[in-house]
Ligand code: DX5
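We begin with a single chain expressed as structure tokens, specifically the form predicted on its own.
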Amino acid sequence: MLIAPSILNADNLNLETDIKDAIAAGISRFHIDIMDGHFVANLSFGPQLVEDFKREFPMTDAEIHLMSDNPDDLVPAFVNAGADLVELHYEAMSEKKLDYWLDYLISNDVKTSLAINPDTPSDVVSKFASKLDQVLVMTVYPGFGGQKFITDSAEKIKQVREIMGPDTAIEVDGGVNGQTIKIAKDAGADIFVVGSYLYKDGDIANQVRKLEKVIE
């Protein structure tokens, strides 16, 4: 079980402090949302932030959630910046192109993940199962933090777990808090992206401890 804070919900003017506080609480991976203003309406971080992150925190994993339909430019840029894992959206490109970029990540020793939106059928993950280290099940519609967990996401998590088997990590992203993290865990998830609950609702270390107690 792993908690991956989403820095999208951190304080941008105190980002280093918020990251350090989470690391001090035992966090070993951060979820970095990359939004291009086209595939999703919002804009967020770029490769420079990831490069800076890996320079300052080299032993901490940078998980790149690529919400973009421009993989040709962005995938190599984030690989070069030091990404440890890159999550590609099924909805953002053709299956042929997705297959190509998964191979590219593997050849560059970067871990792979396929992200699927709430409306995307679970069985699409089976087409790429042999190339995936992880599947990201979106439990909100991508683009903005602070949304509520979609309650019927549990069934999709179960379906993806059945398809992928016990050895592939299943991550959830969106509306994860002290109640919904248990729903996701019971359905088969083992990595939990947490944003607002960590950075908006109280002391980071205390929030991490509360979540760990639920999923231990």
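We number the residues from 1 along the sequence you see. Please read these numbers as outputs of a predicted model, since none were measured by experiment.
The following text describes the form predicted in complex with this ligand, which does not appear among the structures shown.
With a 4.5 Å heavy atom cut-off, would you call Gln207 a contact of this ligand in the predicted complex?
No, Gln207 stays farther than 4.5 Å from this ligand in the predicted complex.
Just checking whether Pro71 would be counted as a contact of this ligand in the predicted complex - the rule being heavy atoms within 4.5 angstroms.
The answer is no: Pro71 has no heavy atom within 4.5 Å of this ligand.
So, Leu211 and this ligand: in the predicted complex, are they within 4.5 Å at any heavy atom pair?
Judged by the heavy-atom cut-off of 4.5 Å, Leu211 is well away from this ligand in the predicted complex.
Report whether the minimum heavy atom distance between Phe144 and this ligand in the predicted complex is within 4.5 Å.
The answer is yes: Phe144 has a heavy atom within 4.5 Å of this ligand.
Using a 4.5 Å heavy atom cut-off, which residue among Val50, Met164, Met67, Ile157 comes into contact with this ligand in the predicted complex?
Going through each option in turn, the one that passes is Met67.
With the partner left out here, if you bring back this ligand in the predicted complex, are Leu8, Met35 and Asp173 all within 4.5 Å of it by some heavy atom?
All three within 4.5 Å in the predicted complex.
Specify the contacting stretch among 22-30, 181-189, 146-154, 54-62, defined as having any heavy atom within 4.5 Å of this ligand in the predicted complex.
Flagged stretch: 146-154.
Residue by residue through 193-216, tell me which have a non-hydrogen atom within 4.5 angstroms of this ligand in the predicted complex.
Stretch hits, in order: Val193, Val194, Gly195, Ser196.
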